[in-house]
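First, one chain by itself: the form predicted alone, in structure tokens.
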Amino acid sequence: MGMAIKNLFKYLNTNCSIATLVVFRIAFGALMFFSTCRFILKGWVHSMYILPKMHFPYYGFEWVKALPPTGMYIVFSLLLISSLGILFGAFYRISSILFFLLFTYVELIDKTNYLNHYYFVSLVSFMLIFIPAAKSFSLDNKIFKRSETIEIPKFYIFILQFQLFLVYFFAGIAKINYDWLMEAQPLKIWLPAFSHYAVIGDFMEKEWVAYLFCWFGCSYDLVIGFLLFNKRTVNIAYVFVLVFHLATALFFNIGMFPYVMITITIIFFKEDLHLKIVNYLKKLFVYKVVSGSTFTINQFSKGLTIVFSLYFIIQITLPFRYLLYNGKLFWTEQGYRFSWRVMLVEKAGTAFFYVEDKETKQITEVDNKEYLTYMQEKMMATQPDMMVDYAKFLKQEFIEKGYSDPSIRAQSFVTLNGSGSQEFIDPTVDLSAESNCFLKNKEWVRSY
């Protein structure tokens, strides 16, 4: 064990070309700029952060609030500027910090909008803060008249590769469950919706195709990281990456996730390719080294080793936190987020909320549409922690309307992976008195 750790540190301290980091920085910056433009142009700043009367906060981050409309558009404008800063390596460290803080702030406002690839972007932008990706082919080198760095320790590339490996591997582990492997769910429900496609449409209604997709998807996620790390198999592995993610983009509405993964995964390619790309770009933009000298970063610091050791310990243990809770994970969703569980469930439901004035015993049924957007209501109806948030919001609303210490109860029915509608929560529980503390099991969620 000791020898293995020693060899790992020796490998991480080995120098390699900085070109790999430069290409990664350019690709990530370009993706984030395009993605932010798309977000603004589609009107999602308004529909997700300005239009809602309430937001669903993450536990412990209730203090994070949306800004007024002008403030939100300033935030997204700064995201555009900072993504360009990353892309061109201009004021890189400040740009990376700004992008990480603003992007994470936006994602913390409302868990209705949680997506795995948003979480992934926050993680990568955090890592970029510590990575010297602008030490070569950057505006910073021009602005500050710095010498070019030609080599960096493999550590800086490895931590990005390992983060990607974890995304794939945990996505594979998450697929090792009865519904996915034995019942081919939820693909058995989703694929027939594509039966109108030319050529392949007829196959989409075949049950064996759903099983094929499920077993291939699980196998792919479990092994692709190992194949990407191996220099002899990285090229064929990338072909699988292209096929897999283009197929998911074709069949499912999962936004930028496939394109993010396709682009970011190029970090596994040999440095020769990245050197050719950087040299081509330098010629294209007539980029000349500021001074005649170059230097090499010889080693990474012990402080950085400690920071990323803790970071990866959290990343490896966090997906398993669901083991602390009772009940079926896909039903209760306790420990579901931040664990790379992608497209694993088809869950739908309805929730009716009732407010009772304890003094007058008057009971009022709530019109959810009065307070929630369509997407918020859809997500809330199947996620217990969001029901608690909504109940606390309703309590304050009705206190302001003159109710004396109102209690909030809900009747909810949910279907999971085509199993049929079942009662979801105990309708006698005052949800406004419940907590979303991660140390407390939600006993009031009915057994599945």
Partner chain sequence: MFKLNQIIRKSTAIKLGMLLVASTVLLGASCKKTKTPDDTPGDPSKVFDKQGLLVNMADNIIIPSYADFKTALENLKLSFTNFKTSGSLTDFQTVKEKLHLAYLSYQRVSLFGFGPGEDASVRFNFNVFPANVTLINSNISSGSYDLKTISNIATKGFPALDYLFYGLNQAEADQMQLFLTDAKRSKYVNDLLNEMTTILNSVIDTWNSTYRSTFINSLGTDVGSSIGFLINQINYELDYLKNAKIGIPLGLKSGGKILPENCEAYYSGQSLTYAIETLGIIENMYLGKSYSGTNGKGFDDYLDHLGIQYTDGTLYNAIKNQFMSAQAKLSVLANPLSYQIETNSQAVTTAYQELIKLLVLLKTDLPSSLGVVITYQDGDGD
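Positions refer to the first chain, counted from 1. All values reported here derive from a predicted model rather than from experimental measurement.
Beyond the structure shown, there is the form predicted in complex with the partner chain, which is absent from this document and is the topic of what follows.
In summary, the region of this chain contacting the partner chain in the predicted bound form, judged by heavy atoms within 4.5 Å and restricted to 388-396, 55-63, 375-383, 22-30, corresponds to 375-383. By the criterion of a heavy atom within 4.5 Å, residue 266 is excluded from the residues contacting the partner chain in the predicted bound form. Proximity of residue 238 to the partner chain in the predicted bound form: non-hydrogen atoms within 4.5 Å are absent; the residue sits far from the partner. Among residues of the shown chain, residue 310 is not one whose heavy atoms approach the partner chain to within 4.5 Å in the predicted bound form. The closest heavy atom approach of residue 336 to the partner chain in the predicted bound form falls within 4.5 Å. Checked against the partner chain in the predicted bound form, the residues 73, 211, 320, 226 give one hit for a heavy atom within 4.5 Å, which is 226.
Of the listed positions (277, 159, 256, 121), a single one reaches within 4.5 angstroms of the partner chain by any non-hydrogen atom in the predicted bound form, namely 256. Contacts with the partner chain in the predicted bound form, taken as any heavy atom within 4.5 Å, map within 6-21 to 8, 11.
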